[in-house]
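This document starts with two versions of one protein chain, written out as structure tokens and named structure 1 and structure 2.
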Structure 1
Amino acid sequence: MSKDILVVAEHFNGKIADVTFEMVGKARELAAGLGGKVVALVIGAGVEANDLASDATLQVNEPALTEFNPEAYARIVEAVVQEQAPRLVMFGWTSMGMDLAAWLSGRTGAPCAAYVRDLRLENGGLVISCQAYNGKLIAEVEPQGEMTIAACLAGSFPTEAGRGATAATSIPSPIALDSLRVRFVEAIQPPPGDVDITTQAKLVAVGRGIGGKENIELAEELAEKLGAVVAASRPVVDAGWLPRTRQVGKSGLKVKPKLYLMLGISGAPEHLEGMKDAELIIAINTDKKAPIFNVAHYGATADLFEVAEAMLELL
């Protein structure tokens, strides 16, 4: 078993994604403590992969892998892990990493920590902090055994330390690509039209606490009075109360408005990924233990309807 750290890179439209720089930066810090190297693995053709601060960047440059293929990517990572026997394998806890990390754990028997917020070394061993129960609890775990898999929440570490100039080395695909069961068909683009919530200075964001489609109007009224636009958490969009274009978070859009006024949103890690950098975050929630209060600048434990109605009278 080596002391190296393998970072499985994420990319989109030919560019390395931020979560990869974040992980490489963190991996450098850990590798220094372990006395090992940081190896980045980039699967996909035509990705600009010469700007990581890894000790080595391996690139599987196959046209068939330009688009994410969960089966192929999983088998390739497994093969590379078998050959390199790293101490730690890092994934982003993203749509891609969610397909790969635990699968690798099941195949190799190596422990996997998901929702990772932090990793550190203590007496030569890894200690990992994971967000659990929608962020209401933090679990601090010590993985056993020679190899560990960590799936890291985007936005957990700074990107700067992961930026560098290591030239990628092409390697052939370690698996056959002609008998895959999963085939990429086409890319799906975000729905066009509607307002662009990423360019708005003020957002009134509603969550499941809004209760139903008929109550969206209240949020619209409040938004109008404030010169804001209504955004939402995922369940609101899944329920069809607002269009997909209004969704903030991991699978939605990332926003950084001057004001993010939240009505009935609990603050799950997936929502925070999309808005935690807003300049002023105000949260109204009936649950005083809602995780959002750990992130918001101002909060009130109150009924959103009563507060919104009262605000409308004053505006």
Structure 2
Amino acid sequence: MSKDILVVAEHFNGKIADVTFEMVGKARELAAGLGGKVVALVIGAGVEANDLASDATLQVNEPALTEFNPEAYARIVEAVVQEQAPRLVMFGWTSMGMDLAAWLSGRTGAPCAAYVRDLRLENGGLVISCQAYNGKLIAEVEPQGEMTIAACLAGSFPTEAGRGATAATSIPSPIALDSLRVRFVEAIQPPPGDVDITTQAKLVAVGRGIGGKENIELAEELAEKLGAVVAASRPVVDAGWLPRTRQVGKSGLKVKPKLYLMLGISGAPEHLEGMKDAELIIAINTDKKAPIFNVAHYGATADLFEVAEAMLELL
């Protein structure tokens, strides 16, 4: 078993996802202490994979793998792991990472830590901080064995340290692609909406705490007074209270407004990935332990309706 770290990259529409840069940056920090290298694995054709700060970038550049195929990707990762024998394998704790990390752990017997928000070395061993109960509890674990699998929450590390200029090396697929039992059929995009929230300077985002569809009107009134647009977390969209084009987060849209005012949003990691780069984040939530208060610049543990009505009166 080597002392290297393998980072399994994610991409969308040909671009490397931010969570990959985050993991590469953290991997460089850990590899310096382990005395190993950082190897990035990019699966899929048409991906710009030359701007990672890894020591080496391997790309399985096959057209059949352009879109995510859980069976193919998992088998390729397993084959590369068997060849590289890394000390640590890093995935994003995303829809893709959930599939692949669990597969690799089951196939290799290596321990898998999920919801990872930090990794560090102590006395030659690896200590991993994992988020539980929506961020209200942090568990620190010390995985045993020669290899560890870590599925990292997006937004846990800075992206800058993972950006660089390492030329990707194309490698052939280590598995046959003509006998797969899973195949990609179609990517279904949400219908175009009435407004593009990614271009807005101000957003009023509502979460499950808004209570019901009938209360969206209050948020819309507040947004109008602020010169903002209403956005939402996934539970609001799933409930049908707002269209999917208003959804912020991992499975929605990524926004970077000057103002992000949150009403009744707890701050799940998937939502934070979509808005963590906002210039000013203000959170209103009755739960003082809500993880959103860890990233908000200002916050109030208050009833969102009382705050919204008070703001309307002032405005």
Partner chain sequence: MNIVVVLKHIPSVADELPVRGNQVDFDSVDFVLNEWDEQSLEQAALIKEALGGTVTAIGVDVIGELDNLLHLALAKGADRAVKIAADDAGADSHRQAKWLSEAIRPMAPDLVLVGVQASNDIDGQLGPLLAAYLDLPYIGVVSSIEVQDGTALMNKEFAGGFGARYSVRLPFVAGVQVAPKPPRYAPVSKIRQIAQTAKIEVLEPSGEADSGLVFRKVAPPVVSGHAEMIEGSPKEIAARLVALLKERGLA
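In this text, the rigid core denotes the largest set of C-alpha atoms whose superposition between the two forms falls within 1.5 Å. Fair warning: this is a prediction, and the values are worked out from it, not measured in the lab. For residue numbers, the reference is structure 1: its sequence is counted from 1.
Here, the chain labelled structure 1 is taken from the form predicted together with the partner chain. On rigid-core superposition between structure 1 and structure 2, the C-alpha of G14 is found to move 2.5 angstrom.
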